[in-house]
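A lone chain, given as structure tokens: the form predicted alone.
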């Protein structure tokens, strides 16, 4: 298996950067069951909304909690106002969410333009939210804590360019641990972004950074990868879902923009329980690929799936995966944890 960015070429046939990938592997895994309708769309939001996506989701005390990205505008007219806030929603069943009457979090200053793409964890009596920050000098990753989901304390903001941060749901070896996706434009020849890991004693100071997985380790990627949701702990290790992107210059409009040449799919890997910088298994095929009109035609960007929440249900068998479709809505898929583990370890 490829670990720490080193490719085991005997296991996978790697797509070279910008070369077309093998289309035959682009099928959703048989173990995945999609819920037929979105669990959140702009229609559910009681304030101005066009796109609701990239939501952090967790379950606490029997209740599902979602903080979602809300891009302001008019969905039907395909107009965005250039404003983004974070909304808060709750659910008893993880399917039907009730959105609070006002956004729960915003940041704006002479330097910060907006925050977006929240991810949620709960550690030692407080919620920890990772999020992206657009500044005048680049994209950063932010971390904030809250006890009531309304009053947040910003703990740290990274230097540019770093984002897609997700926090492990518990401390590992006494430290907070996060996955992240730096964007080193110069050193990686453009857009080949990888998954890294860092740890911290206090959510403020981060270091001990290690490469977890490179784009070259993923056979269904010719562009970039990044972490999706806080991993879940199993007896075999940490299950990690991630997004993987392939680019095809022949693709056309595919959404609201003049052109959209990327396809985002969801992958799954298994990380070592004690040292999660080590990849001990990975499915060589995507876990979920865009399918159906909702994912391949509708939305701001077609063919764009982005994982943002992964939960183990109380039966310790069912895994819920919350993901964005088309940068427009939040969808839900489920699978058995043993099937997901098998995908990560087959043909090793």
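Numbering follows the first chain given and starts at 1. Note that the structure is a prediction, hence the values are computed from the model and not measured.
We do not show the form predicted in complex with a small molecule, though everything after this point is about it.
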Close approach of residue 70 to the small molecule in the predicted complex, 4.5 Å, heavy atom: no
Residue 322: touches the small molecule in the predicted complex, heavy atom cutoff 4.5 angstroms: no
Contact label in the predicted complex: residue 122 to the small molecule, heavy atom within 4.5 Å: no
Distance check, residue 117 to the small molecule in the predicted complex, heavy atom within 4.5 Å: yes
Partner-proximal stretch of 52-60, 37-45, 290-298, 312-320 relative to the small molecule in the predicted complex, 4.5 angstroms, heavy atom: 52-60
Joint contact, 163, 260 and 264 to the small molecule in the predicted complex, by non-hydrogen atom at 4.5 Å: yes
